[in-house]
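Shown next as structure tokens: one chain only, the form predicted alone.
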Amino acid sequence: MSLTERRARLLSLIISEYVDSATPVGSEAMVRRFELPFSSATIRNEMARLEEEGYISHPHTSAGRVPSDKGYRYYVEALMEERDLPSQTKQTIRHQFHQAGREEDEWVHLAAAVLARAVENAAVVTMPRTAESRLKRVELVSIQDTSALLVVVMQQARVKQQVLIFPEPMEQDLLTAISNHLNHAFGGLSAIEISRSQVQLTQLEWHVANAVREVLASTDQGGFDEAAMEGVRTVLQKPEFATSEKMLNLLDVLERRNLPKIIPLAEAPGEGVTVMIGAENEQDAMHDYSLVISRYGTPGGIGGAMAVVGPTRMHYPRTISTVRFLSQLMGEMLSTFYDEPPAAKDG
């Protein structure tokens, strides 16, 4: 539904005022604050229409109005003016990243810190990974007669370990020989490519190869398992979390065990910035919050994702422009310091 020019302007001003003040907005305050060429009665009537149409709501304890999820969505889609970050700010951020050198974990923590500070909300940035996990090498370390520690090292230095049980006692020399053969046969391959391989292996080698394939596949399906989070203290200081109950709810949302469920980083579109407002989030626990999400990296290559988490009373233009710039910068850093994953082997 399209709003009249006057109602659209009024909605934009209500959102601007509420984002700045965190208090419900009244008609008389609007006329005084923005020197509107209309009477308070006219503004009250227009606000009543905006409320009837679901763009703003009327808290029971106040005579003022607050934006609804629908109002914020209309603002983001039709009214918001996204401004690019100032050149000096971009230059400062770029300098910080280049000082971090080649350490990708430093990039991730720096991106989370810069993002949280700039938007005054919580920020989550995942470690970069390839679209498909690929084997760098496999190691087998004897533990007991029939068990060994399986160490799967993936490209971009990701490591997974698990205990593997064999149907018969295994000496370390044999485990090392199996590892060497699998590294030669499957180095650089993904889980799917290993399953399709026609290489000749012994029954024991296939036992290990299938375990390696399952590790790679589960890693691909598991979303992100390493991420940096900053800004929790900042967001907890916002008026929305003045009560202990609200504060505990936010802390529960931001617990690391909840992040893969609450923040759908793995499902984020490959390009652009995605904004999810209040009840647009699938998880009930997120209905009081907004998410601004973006992927970074190269399509089909190495990359990750980042998100801002905060109350729906969020400064959307600044948040979106900051997320957009940082995702582009992280992509540039990855392109500069890392080659694309090696091509898959035949056979």
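The structure presented is a predicted model; accordingly, all values stated were derived computationally and were not measured. All residue numbers refer to positions in the sequence shown, first residue = 1.
Another form, the form predicted together with the DNA, is not on view; read the next lines as being about it.
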property: Contact test in the model of the complex: residue 290 vs the DNA, heavy atoms, 4.5 Å; result: no
property: Partner contact for residue 44 in the model of the complex: the DNA, 4.5 angstroms, heavy atom; result: yes
property: Contact of residue 27 with the DNA in the model of the complex (heavy atom, 4.5 Å); result: yes
property: Residue 65: touches the DNA in the model of the complex, heavy atom cutoff 4.5 angstroms; result: yes
property: Residue stretch of 305-313, 318-326, 52-60, 281-289 approaching the DNA in the model of the complex, non-hydrogen atom distance within 4.5 Å; result: 52-60
